[in-house]
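First comes one chain, alone, set out as structure tokens in the form predicted alone.
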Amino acid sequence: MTPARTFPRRSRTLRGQESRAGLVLISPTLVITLVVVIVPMAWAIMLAFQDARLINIRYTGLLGNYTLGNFAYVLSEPGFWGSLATTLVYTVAGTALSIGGGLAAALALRSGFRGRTLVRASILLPYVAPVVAATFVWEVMLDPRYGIANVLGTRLLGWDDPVAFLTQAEGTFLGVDVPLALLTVIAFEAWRYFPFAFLFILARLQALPRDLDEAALVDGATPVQRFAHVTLPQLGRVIALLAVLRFVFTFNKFDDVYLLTGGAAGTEVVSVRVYNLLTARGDIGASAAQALVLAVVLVVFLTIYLRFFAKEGP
């Protein structure tokens, strides 16, 4: 009878020891998350509801005067809605082009050929290169005085004058006015981050069974039909995941746009506007409020994605 009585007690003791050991193991991660993520986020939310500026930041705190004035100021400024529209155009176009480029590269390098490993490795260079080096190369390449793009354009393509790709807000293409600088930073976004999509899509392509593709080939399906009806449906979840990841990353993007144009010539995205509010005006409360609005937009997008596109499937 004694062993039967002590066994449940010993089992509860072992479970308690395992629980305490688990808490000890995850405590470093919890502390880092608290210090690096939770506390700064709570501080930013608190500042968004206070009249906080660089000159009075020392007087702000948990017991400060809370107000919605920062949000009214941010939402009433005409420049905010323009920068939000620019951000959405930049994000959607950059996301679509980077995923499309990664898909095209993955399909092209799916089959084996001599030197395939070297080509696959070289495709990763835009993604792994430091952003400062990448933007500097593009600035030199697109410079209207000595950039290779303008040299080729004026000598081979018949351009009348050099084009200032990064400082000219609007340009004419085939008789149509286009936002030149914005299209340039979108092209940079697609070029720099298509290797990210390439890695995801290529990994999925390598795992696809060949049976369905071979059966479609035997049935006489064309390459386009095999891609549309066999390959693409099996890439749907990977592309959806890439879409949400690239949307979030691009929506928050600051360094690429700021290093290329500084937010000038019609390329002021919301993240650059937050930076300008913080540094140029010293308005910490308004910059925090605008960053909070940016976070709310991302939460809405993620909610839509999880509601309609992240359902369990086979």
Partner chain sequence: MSTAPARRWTRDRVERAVLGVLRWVVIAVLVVATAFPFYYMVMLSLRDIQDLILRPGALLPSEITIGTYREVLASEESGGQGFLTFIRNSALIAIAAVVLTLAIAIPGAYAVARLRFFGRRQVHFLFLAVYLFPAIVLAIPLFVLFTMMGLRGSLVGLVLVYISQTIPVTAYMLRNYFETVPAGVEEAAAIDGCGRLATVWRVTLPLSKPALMATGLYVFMIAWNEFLFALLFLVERREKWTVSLGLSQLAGSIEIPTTVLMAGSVVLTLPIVILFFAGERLLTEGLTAGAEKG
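Residue numbers count along the first chain shown, from 1. The model shown is predicted, which means the values in this text are computed figures rather than measured ones.
Below, we refer to the form predicted together with the partner chain, which is not included among the displayed structures.
Student: Considering non-hydrogen atoms and a 4.5 Å limit, does the partner chain approach residue 49 in the predicted complex?
Tutor: Outside the cut-off, so no.
Student: Heavy atom to heavy atom, is residue 29 within 4.5 Å of the partner chain in the predicted complex?
Tutor: Contact check for residue 29: yes, within 4.5 Å of the partner chain in the predicted complex.
Student: Decide whether residue 68 counts as a contact residue for the partner chain in the predicted complex under a heavy atom distance cut-off of 4.5 Å.
Tutor: Answer no; every heavy atom of residue 68 is more than 4.5 Å from the partner chain in the predicted complex.
Student: Does at least one non-hydrogen atom of residue 136 fall within 4.5 angstroms of the partner chain in the predicted complex?
Tutor: Yes, residue 136 is a contact residue.
Student: Could you spot which one of 232, 104, 75, 88 gets a heavy atom to within 4.5 Å of the partner chain in the predicted complex?
Tutor: Going through each option in turn, the one that passes is 104.
Student: Let me know the one among 141, 169, 215, 96 whose heavy atoms come within 4.5 Å of the partner chain in the predicted complex, would you?
Tutor: The residue from 141, 169, 215, 96 that makes the contact is 141.
Student: Given that the partner is absent here, state which listed stretch (105 to 113, 178 to 186, 88 to 96, 159 to 167) has heavy atoms within 4.5 Å of the partner chain in the predicted complex.
Tutor: Only one stretch passes the 4.5 Å heavy-atom test: 105 to 113.
Student: Could you list the residues in 248 to 271 that come within 4.5 Å of the partner chain in the predicted complex, counting only heavy atoms and keeping sequence order?
Tutor: Heavy-atom contacts within 4.5 Å come from 248, 249, 252, 254, 255, 258, 259, 271.
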